[in-house]
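Encoded as structure tokens, the following chain is the form predicted alone, with no partner shown.
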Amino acid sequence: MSELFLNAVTKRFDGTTVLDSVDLTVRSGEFMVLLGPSGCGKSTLLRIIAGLEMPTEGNVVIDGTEVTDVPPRERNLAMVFQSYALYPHLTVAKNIAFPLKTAKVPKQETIATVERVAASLGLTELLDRRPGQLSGGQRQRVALSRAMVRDPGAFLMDEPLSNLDARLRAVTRTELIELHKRVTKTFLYVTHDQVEAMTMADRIALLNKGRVEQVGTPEELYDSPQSVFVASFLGAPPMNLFDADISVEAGQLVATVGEVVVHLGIDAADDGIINARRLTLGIRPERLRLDDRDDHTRPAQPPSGIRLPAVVTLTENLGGDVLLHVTVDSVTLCARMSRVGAARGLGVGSEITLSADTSDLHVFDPENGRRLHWQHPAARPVHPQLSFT
């Protein structure tokens, strides 16, 4: 297993900065995912680690040894590409054996290694076939097998599932998770797909415009996003974000959105917020609940939570769940809830009341987008897998 360390890695192409002083540690044996939108620099970062690109500035360290200028073949890393990069004229067995043949490994040892690795990935019956006779999922497993025969310290994977259909992606995701458990090697995996990241990663490094926005477990990024970008990138649908004017009542912060008043349950003297006059608030769609539509006796703002009068503008049926797109005064929000509950039968124009706990609110600086307030201690954990379709 290999530990990977990046120190202030910067990459420029023709004056354009693609990576901007990236610091990152990938622990030995962990499954780290580099996540981010297209063009954020994640594939370039992977290629720099592999030695296929040179950083403009900064250092790459593997297991305590600087390898910034070391050729790729001497880094003990295996790269798995998006395009599989298989030789079409060779059989599966010869494709898998190619790195061993290049390294002049004895024939009998090569045969034994190929058979062992092929068996571990369910390819034994396909060893005599050629890539053109295989499905996309099978070709991806051949590419993984070719990487495995080298017994590398770490596997570097550049969007390896992007060419597969949805069903095969789900199956191959599971296979990769099981493979990581079996081989106990370091995995560094690049993707723009948040479902892959949330379901596969031990930790995620989320990149934006060449910088690392946040590093942490899937739960940490989802439950406590450290910026508006993280909050809006993760989640399907993403976090509701809206600006609000801030005032103080009885030492507590109060947010006003049009005619709607929200008591935040935050001490006005909270560090970083004490002088705020305007904040960006966020709440996950699944944290919004539908109040009893026939109950008009409850106070507009109970002390323990938030109530938002809303009008439904659009509904999306997801099978077991429904997305309610609503307007609250001048703000558009999305709520996700079970379709078999109170949300059944709601349509465009329905007048409803949404409620939430103040502990479910996230508070950000509207100027720089950074998180201002730590999650309330009473906040309940969110299970990210429940928030994806």
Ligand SMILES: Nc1ncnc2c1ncn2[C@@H]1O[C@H](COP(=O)(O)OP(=O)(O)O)[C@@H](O)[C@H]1O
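Numbers for residues come from their place in the sequence shown, where the first is 1. All figures in this text were calculated on a predicted structure; none of them were measured in a lab.
If you look for the form predicted together with this ligand, you will not find it shown, but the lines that follow are about it.
For this ligand in the model of the complex, the listed stretch (59-67, 344-352, 22-30, 43-51) containing residues with heavy atoms inside 4.5 Å is 43-51. Heavy atoms of V18 reach within 4.5 Å of this ligand in the model of the complex, making it an interface residue. This ligand in the model of the complex is approached by G39, whose closest heavy atom lies within 4.5 angstroms of it.
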